[in-house]
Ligand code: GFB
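As structure tokens, one chain now follows by itself in the form predicted on its own.
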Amino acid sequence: MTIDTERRIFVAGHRGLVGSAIVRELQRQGYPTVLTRTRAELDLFDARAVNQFFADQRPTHVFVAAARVGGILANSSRPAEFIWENLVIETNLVHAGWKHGPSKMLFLGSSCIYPKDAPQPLHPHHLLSGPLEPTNEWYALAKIAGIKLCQAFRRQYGCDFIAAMPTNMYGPNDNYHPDSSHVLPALLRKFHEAKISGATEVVCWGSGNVRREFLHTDDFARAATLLMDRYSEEQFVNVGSGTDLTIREIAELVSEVVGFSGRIVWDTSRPDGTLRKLMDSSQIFALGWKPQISLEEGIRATYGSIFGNGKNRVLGKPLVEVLPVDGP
């Protein structure tokens, strides 16, 4: 495929799980101008700074991967952060993309935008059809606002702003913090620490019966760049693997990959969250994309790169010092 070497591509949130994967994919494809900024270089909470960056750099394509993210505990204990920070980031980026465009923009949401009891598999027309899952409603509301923001600017100003809703993702540059990580990195850390300490059991949250779908970020990055090239509609697009497993099955797989030989105990006093979140990804499949990395292969590669060969470190730091890897 011939690439457009004139593109000036800005990846907001390039150090996070998803943004770093998009940068790797753009570099693999050979794009010469991929713009990135750390928080110290560009504060996405500062509208004036964001507008100045767009005015100076004139990005032609923008991936909005910057966000405040986290698991059930983080969402439940820090609701103000999750709604306010995400609203401010997306508002500043979308407004600047319109004011200093034309830029094509891909906004990245989350499967948690869907109602708690939405029919399965989750389809875009289920959005706003019922109450949200209480354990992540603040994040979900911010992401729904981002979708609607892109649609509003498209309708009123003709901006080529699109949105994609990925399922649960994992891979390099994930967040392993014990209080704010998502389920898969949390399980990897929990089972690894149990193995290292010689523990005889690992306690996991909930019943283990809820079902979740997972996707490696390298697979998602291929989908995101495909959508940027070939999609231009108001309706957002789901991006998932097409299959799901119970959290119990995930925990057993992680236990096997890590090499933990003890037993798994389920703490049913802890919340499960939404019972199932399998996405209808037929639209992205129809565009010719399919995931290439199996869940077991992806988990083994992720674990080996972070904890393998006797390592007791995450992202180059001792486990006890790891901080969340999220945000812009």
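In case it trips you up, residue 1 is the first one in the sequence shown, and so on. Here the structure is a predicted model, which means the values were calculated and not measured.
We do not show the form predicted together with the ligand, though everything after this point is about it.
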Study note, to complete from the structure: For the ligand in the predicted bound form, the stretch among 216-224, 134-142, 121-129, 86-94 with residues bearing a heavy atom within 4.5 Å is 134-142
Check your understanding: Taking Ile9, Gly30 and Val34 as the candidate spot, are all three within 4.5 angstroms of the ligand in the predicted bound form by heavy atoms?
Key -> no
Exercise for review: May I ask you to choose, among Cys204, Val257, Cys150, Leu108, the residue with a heavy atom within 4.5 Å of the ligand in the predicted bound form?
Suggested key: Cys204
Exercise for review: Answer for Asn173 alone: is it within 4.5 Å of the ligand in the predicted bound form, judged on heavy atom distances?
Suggested key: no
Check your understanding: Closest heavy atom of Gly70 to the ligand in the predicted bound form, within 4.5 Å or not?
Key -> yes
Point to revise | Contact test in the predicted bound form: Asp272 vs the ligand, heavy atoms, 4.5 Å | key: yes
**Study point:** 4.5 Å heavy atom contact, Asn75 and the ligand in the predicted bound form
**Key:** yes
**Study point:** Members of 185-217 lying within 4.5 angstroms of the ligand, judged by heavy atom, in the predicted bound form
**Key:** Ala186, Leu187, Lys190, Cys204, Trp205, Gly206, Val210, Arg212
